[in-house]
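Shown here is one chain on its own, the form predicted on its own, set out as structure tokens.
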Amino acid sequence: MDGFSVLAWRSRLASGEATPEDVARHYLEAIAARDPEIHAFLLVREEAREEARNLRVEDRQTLPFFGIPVALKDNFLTRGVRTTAGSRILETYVPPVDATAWKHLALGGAVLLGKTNLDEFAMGVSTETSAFGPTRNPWDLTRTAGGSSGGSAAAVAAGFTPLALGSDTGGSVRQPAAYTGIVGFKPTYGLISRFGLIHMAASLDTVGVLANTVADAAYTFVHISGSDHKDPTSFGKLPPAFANQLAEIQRLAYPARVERLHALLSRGFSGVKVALVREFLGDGVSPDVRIAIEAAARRMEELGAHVEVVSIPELKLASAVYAVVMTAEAASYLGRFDGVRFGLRVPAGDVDTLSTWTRSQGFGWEVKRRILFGTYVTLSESFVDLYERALRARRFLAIRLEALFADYDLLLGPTTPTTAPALGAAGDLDPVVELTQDLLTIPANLAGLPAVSVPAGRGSDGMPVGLQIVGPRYSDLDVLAFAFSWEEARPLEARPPFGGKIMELSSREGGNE
């Protein structure tokens, strides 16, 4: 078990080996020491230490997240805590409510460490569109940590928090997880409430989990999933077997919940039919990444999985469909930021001018570009030719993937075409290059499928390579179980080079394993 995992800390807290204040202090000191180099956080809460101290000792044996520090991507609303979405237009916005996903964690005893950096309104692949500057990759400070949840990923990888939440619209949890050598999980669409999440594209957005281990991701997913009347896209009726499984685990208190979850994840590879997708290893995928993924597939076969190479030509549609649907929905959603109801207001003599000046000064160039394209897509002249055709193609792709799952349990491929690019070269200035960074993750969003990125070795540049596992709708626990088996078969990624200093700090506190 990773000594810095949620479950490792939870065990120490239950036994009294550590107190919640010890844990909060450990991470706040790590952030103070190294985050000026990384810039994972937009806001750090020193109050976390006092809040940890005030947790009731009698809850340490039962609450699932008792004393566990959590970082939230800064597009989750947090009551009384500034939430910017990485944009100047919300630079001073303080929400009156909590996002449901965070509320679940808080009620479970978690402590909010802070809010993490992101591309403005989650629009980008490298955090370089954030109005507050980019996040750097803890493995190599000249490289991107990915995006748009790059701050959350870097915070986990750097040892600033054991757990973070992000949002995934086209790969924004899995791609930064791959670039930083951690686990990033995106559930089936609708399984986790998006109430209180500042949207980018409502039919694609999901809440996702970033953690050091698959077990941590699964433990968190089970806790925060569930129907929510405040989110109209939240699921209604689940497949009975899956619903029973989730409900059974959720009913259990700590530590019975950990034991049951571990039993569900410990299935091994035997008999699992896996499709290694040819198009995921095609043009644009670097030789380093291809070699790592093919080696992983061979290792899985040795351990009992049945792996076949399959072709899904329809995947070539995914990027174009995503560009149309995402920008149309983003442009519609951002209409609410008009200088009247939320955030920045630039005074003017009339409402139209006020709105124009506010948006001109409040939005960055990437947001403006997507609003322009999305507005064009939804014009009456182009609506049928672009938007409706994109919706039909999206449905066609989802049906094709659904049919494939009649023959295979899971799909396999790399999470990203390359290891983390250098800052400034991630494609934010070129929309075509930008889309290639999400090329391999977009299909799961279009079809609403669960998917996870887990480490699968290093490239020749020493940077982490991510392996992506995708399953049919509501196979979330199967996806996580397969990822768990892979993690058990292969050692955890080493920490970034400066992780050793954090480990020394933990040893001094008696918290290292």
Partner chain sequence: MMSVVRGETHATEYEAVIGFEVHVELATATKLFCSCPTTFGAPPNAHTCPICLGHPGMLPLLNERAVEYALRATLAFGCEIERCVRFDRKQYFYHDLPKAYQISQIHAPIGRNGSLTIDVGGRSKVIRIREIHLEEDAGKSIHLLGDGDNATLIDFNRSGIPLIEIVTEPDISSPEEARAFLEELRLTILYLGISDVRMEEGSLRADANISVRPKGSPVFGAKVEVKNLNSISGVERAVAYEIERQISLLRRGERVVSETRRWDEDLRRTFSMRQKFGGFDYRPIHEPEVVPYVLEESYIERIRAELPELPKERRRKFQETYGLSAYDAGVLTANRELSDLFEAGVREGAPPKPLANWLMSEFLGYVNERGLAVRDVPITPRQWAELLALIENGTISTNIAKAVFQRMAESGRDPREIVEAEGLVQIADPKALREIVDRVLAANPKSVEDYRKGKEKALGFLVGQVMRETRGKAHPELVNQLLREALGEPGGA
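Given the structure is predicted, the values throughout are model-derived calculations rather than measurements. Numbering follows the first chain given and starts at 1.
Form predicted in complex with the partner chain: not shown, discussed below.
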| query | finding |
| --- | --- |
| Contact segment among 327-335, 102-110, 242-250, 303-311, judged by heavy atoms lying within 4.5 Å of the partner chain in the predicted complex | 327-335 |
| Distance check, G196 to the partner chain in the predicted complex, heavy atom within 4.5 Å | yes |
| Heavy atom of Y189 within 4.5 Å of the partner chain in the predicted complex | yes |
| Exercise: D231 in contact with the partner chain in the predicted complex, heavy atom 4.5 Å | yes |
| 4.5 Å heavy atom contact, Y93 and the partner chain in the predicted complex | yes |
| All of A202, V340 and T375 within 4.5 Å of the partner chain in the predicted complex, heavy atom check | yes |
| Among the candidates S270, T142, S380, S360, the residue which, in the predicted complex, approaches the partner chain to within 4.5 Å (heavy atoms) | S380 |
| Single option in L410, A318, A211, L77 placed near the partner chain in the predicted complex, where near means a heavy atom within 4.5 Å | L77 |
